[in-house]
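Given next, in structure tokens, is a single chain: the form predicted alone.
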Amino acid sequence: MIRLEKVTVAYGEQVVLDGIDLEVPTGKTMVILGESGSGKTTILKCVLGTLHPVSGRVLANDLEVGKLTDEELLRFRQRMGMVFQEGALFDSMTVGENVAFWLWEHTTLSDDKVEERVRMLLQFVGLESSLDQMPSDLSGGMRRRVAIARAMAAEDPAFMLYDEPTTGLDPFTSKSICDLMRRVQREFKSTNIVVTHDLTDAYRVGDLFTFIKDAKVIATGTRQEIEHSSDPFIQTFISLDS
């Protein structure tokens, strides 16, 4: 479970999130939708613990993220994967090195154990044969698969956070990435938050949907509930994406 309670985030006088409440049940995927700059990615940063709200609190499986010590936060993040927009791979490292990076930095696993886990993760995302390739040799969809493998490197993920995971991909490749995200959720029973502008992809991966406008949550619900919302912003968003 991930829960935000009355969370407010501000940069100076600019309020990015204004007292929002949000709950993602265990094993479900919540998709966050809204205009650019509406605070969607800020939610991910609060859950990850890289940004602390000025008020309110963020809980993950009853742990209050803002009160964790550095050591506790590190252990917490071992169960949390983050897939950044457009993959954000290290261009100077091979695919295998990208996936192994967190393990080298934060564990005492032997090189053999690191390689074993890296191969297992790349096999999971269908890219074991790309172990020694450079990111520049890969297609956009392949880079996103590597990013998902890297996000799962530490341990079987209890939480997965995705920031615009299909941006810039063609419809066929976007669907394949959405299918992979669903597979991660199904096989690891992970609790997930996905930020996206694409309603089609949102429907492919989401169990629940939250719309944010003007730093506030204006609606949360199932697909059916969202589609029957009378809110003009939501109806315009849906009609523009259909």
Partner chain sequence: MPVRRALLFLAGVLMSVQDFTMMIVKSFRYLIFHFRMRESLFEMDRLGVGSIPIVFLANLFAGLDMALQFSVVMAPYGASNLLGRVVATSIIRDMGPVLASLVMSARVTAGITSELGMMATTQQIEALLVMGVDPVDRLIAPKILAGMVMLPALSVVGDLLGVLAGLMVAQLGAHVPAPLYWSGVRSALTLPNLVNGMLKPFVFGFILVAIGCFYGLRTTGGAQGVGRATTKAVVSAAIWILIANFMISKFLIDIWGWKL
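Residue numbers count along the first chain shown, from 1. All values reported here derive from a predicted model rather than from experimental measurement. Rigid core: the largest C-alpha set superposing within 1.5 Å between the two forms.
The form predicted together with the partner chain is left out here; the points below concern that form.
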| item | value |
| --- | --- |
| 4.5 Å heavy atom contact, Met82 to the partner chain in the model of the complex | yes |
| 4.5 Å heavy atom contact, Leu68 and the partner chain in the model of the complex | no |
| The partner chain contact at Ser130 in the model of the complex, heavy atom, 4.5 Å | no |
| Touches the partner chain in the model of the complex: Lys45 (any heavy atom, 4.5 Å) | yes |
| All of Thr50, Phe90 and His106 within 4.5 Å of the partner chain in the model of the complex, heavy atom check | yes |
| In the model of the complex, segment of 164 to 172, 121 to 129, 68 to 76, 137 to 145 with a heavy atom within 4.5 Å of the partner chain | 68 to 76 |
| Partner contacts in the model of the complex for 135 to 161 (non-hydrogen atom within 4.5 angstroms of the partner chain) | Arg150 |
| Core fit, then Ala158 C-alpha moves 2 Å or more between the shown form and the other one | no |
| Core-superposed C-alpha of Phe101 shifting 2 Å or more between the shown form and the other one | yes |
